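Quick setup: the structure tokens below cover two forms of a single protein chain, split into structure 1 and structure 2.
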Structure 1
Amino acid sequence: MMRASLAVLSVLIVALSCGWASAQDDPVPIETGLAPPDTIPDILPPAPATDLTAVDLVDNDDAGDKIELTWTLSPDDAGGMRDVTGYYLWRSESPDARGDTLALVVAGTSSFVDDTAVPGVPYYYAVTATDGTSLSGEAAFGPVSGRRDWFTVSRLAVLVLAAIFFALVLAFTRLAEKGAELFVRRIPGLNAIEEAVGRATEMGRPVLYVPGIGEIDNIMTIASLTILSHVAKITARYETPLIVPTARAVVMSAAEEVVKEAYAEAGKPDAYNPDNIRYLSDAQFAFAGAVNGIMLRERPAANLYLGAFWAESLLLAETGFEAGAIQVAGTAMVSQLPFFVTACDYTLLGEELYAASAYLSREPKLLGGLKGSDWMKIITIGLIVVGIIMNLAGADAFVEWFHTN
């Protein structure tokens, strides 16, 4: 019995010793009345935003329904214990009422466009910062109202340049109508076309002229028909067969008249063969397949692709290349130019197609448009140079005049 009592007493002594040691390692914190910083509740509102302004926003389609708000961020935005989570925007039609909530924007935002305003109605705006639990004081502005602008002053530079351009076009057109000799540089692509027709004549094989797959109202198709007239005159003079496949019925009728008139002007009306002006298909790839068949069956020595082309351009150019024909292409379709440049011997790039038609036809309206656009390019380049110089010299007023919304 005595031994059992001693054993129990020993266990109690050991347990008390371990508890005392644990208490020494992890002392109970002294009550100071202050909580750790990260547990302090956010009971203070953030500092307010300031300098709120609201103005009628003038843009390219100004209907008077847009008001642009700007303000200075709260000092508590992105810092301190009262971090700002966003800004409430308020709008009312009375200075005595806060009105309805217009929007809630995220922290760091200092501008907003109210695109729900009614033109002519005066509005009062306010902005308050929030930390998610409380709101700051507000910054207010008003009244301000939107106004429909029939004339956008910020686009005045565009109006002035457009007026100069049209004046140049009209002036050069008038000069061309009076018989003035307007110099137009001969495009090297025209020499390539004549060389291609000459080669076909020497080989005794036909010339294939594809005016694209665009409708007759496409400006590229019209330019192509003008060039077709020039090509038809050469083939009539050399008595070389000219094959013109078309994808549109109206384009076929126009091509028939153009080629027939060209043969008559060349003094070879009997050499005109209407069967060579062919309507194939208005389906894009059916047309491409039919033209490829003509290349492989009739073996033209010169292939001319001038007009509006889409995905069929590479199919036509690759087949012509494999057939060994000399190829000249021209289009204003930027996406198709790389295919023509790769597979053809010469390519008229973009505006060269229109310049070629003006050079060949000497039509006053075409010459006026060509010369007017050339001079407008010179004026634009000059303004860019002057603007750079003035900007470097610190004359910001001149540069800002050309800044448009």
Structure 2
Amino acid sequence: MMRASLAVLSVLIVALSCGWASAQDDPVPIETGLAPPDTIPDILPPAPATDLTAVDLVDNDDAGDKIELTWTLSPDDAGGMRDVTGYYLWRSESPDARGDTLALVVAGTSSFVDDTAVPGVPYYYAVTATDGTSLSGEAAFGPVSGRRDWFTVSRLAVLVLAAIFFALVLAFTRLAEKGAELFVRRIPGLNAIEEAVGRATEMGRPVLYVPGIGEIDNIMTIASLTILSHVAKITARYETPLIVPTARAVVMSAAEEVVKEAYAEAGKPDAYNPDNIRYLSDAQFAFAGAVNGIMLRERPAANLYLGAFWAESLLLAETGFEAGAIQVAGTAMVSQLPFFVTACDYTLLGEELYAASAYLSREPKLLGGLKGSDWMKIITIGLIVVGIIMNLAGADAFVEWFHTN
């Protein structure tokens, strides 16, 4: 009898040791697809986990496919028999069945995110502790279902600031439409454009206007087309040829419309030459090579580079410099500005490109946008200063409110 008891005790000790070793070798959660050890003889099941709860997880871009499970650990996990090796999680669409194994997570884990839920489908969850050989009783929760969220709370700051910005833009646009005099300071580069066109006229040579290689959806290209309209009116007045090489077919269409309209407004519709609005190539360096060819063969006296430029910027500006043309550039591509600053006579820096288009056109929508963004800058400066002061005072909640994911 004594020997039999010792044998049973030995088996139990070996079984517990194996369970403990298994827990040590299994540090990461094991995902679905494992068959639970239902068929293993239950020698001494661990105490069950309790208080299982499941809630719809709200996160950014929430598609309603995540449900967060939390439970209280089995008393045998960190204390008691210390034999819990992990927890089986189960999911079912019926309250009467345990359903399929969702995951097996290691001992000490008390939460899990089910990211495979179908939005709107009610699920019943259960959790059972295991010691590697047998399962505990289960803790169950349900029904719970995932829900798509239309609003991401953590991006509230984006909504608030965007709303303020739109309100400012609309207010200033309305003011401009009513005829209010909205002051915009003169940008030095703009005077240079008129000087450059005047010089080309005196020399009897054409003006080259490159609207960049951006697509028509690029805001820099749109601003450039507004300035092109202004330049085209001047060249029409002076009857100076205007060459506009483009890298995008749609931009060429838009440029044709703009120049044609400007010539008509200047009262010189016959001076418009459609052959001077040219599509060259979509390939960046093929375009740069072709524009360089125009600079050397048609010898424009003024080169205007206004729009979105990439690595071709220095190739163009350097060739124009070598050809002796007066050059004015403008782009909001920060990485290309140094080259234009170096190789051109005048450069419109970043936002000056947009300001120039608003200044020249006096279009209420553009003026409203410019004034709105100016006031937005004041708000931004104010928020930064307040943020710094709050940070110094140790209250970082203000800055944290602007933290978006």
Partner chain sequence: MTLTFIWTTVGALLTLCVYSFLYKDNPFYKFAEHLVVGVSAGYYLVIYYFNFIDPNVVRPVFQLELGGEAVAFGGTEWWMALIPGLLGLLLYTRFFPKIAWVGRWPLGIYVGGYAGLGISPVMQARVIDQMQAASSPLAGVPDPFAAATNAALGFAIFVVLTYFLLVKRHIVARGIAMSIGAVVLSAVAGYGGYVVLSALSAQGVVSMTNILLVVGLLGTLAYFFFSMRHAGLLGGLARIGIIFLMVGFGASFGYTVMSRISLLIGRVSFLLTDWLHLI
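Values in this document were obtained by computation on a predicted structure and should not be read as measured data. Whichever C-alpha set is largest while still superposing within 1.5 Å between the two forms counts as the rigid core. Numbers follow structure 1, counted from its first residue as 1.
Eyeball the pair and call it: which is the form predicted in complex with the partner chain? Looking at both copies of the chain, structure 2 is the one that matches the description.
Core-aligned, is the CA shift for G146 between structures 1 and 2 2 angstroms or more? The answer is yes; the displacement is at least 2 Å.
Answer yes if the CA of Y124 moves 2 Å or more between structures 1 and 2 after aligning the rigid core, and no otherwise. True for Y124: a C-alpha shift of 2 Å or more.
Comparing between structures 1 and 2 on the rigid core, is the C-alpha shift at A236 2 Å or larger? Superposed on the core, A236 moves its C-alpha less than 2 Å between structures 1 and 2.
Between structures 1 and 2, C-alpha offset at T53 (rigid core aligned, Å): Superposing on the rigid core gives a C-alpha shift of 21.2 Å for T53.
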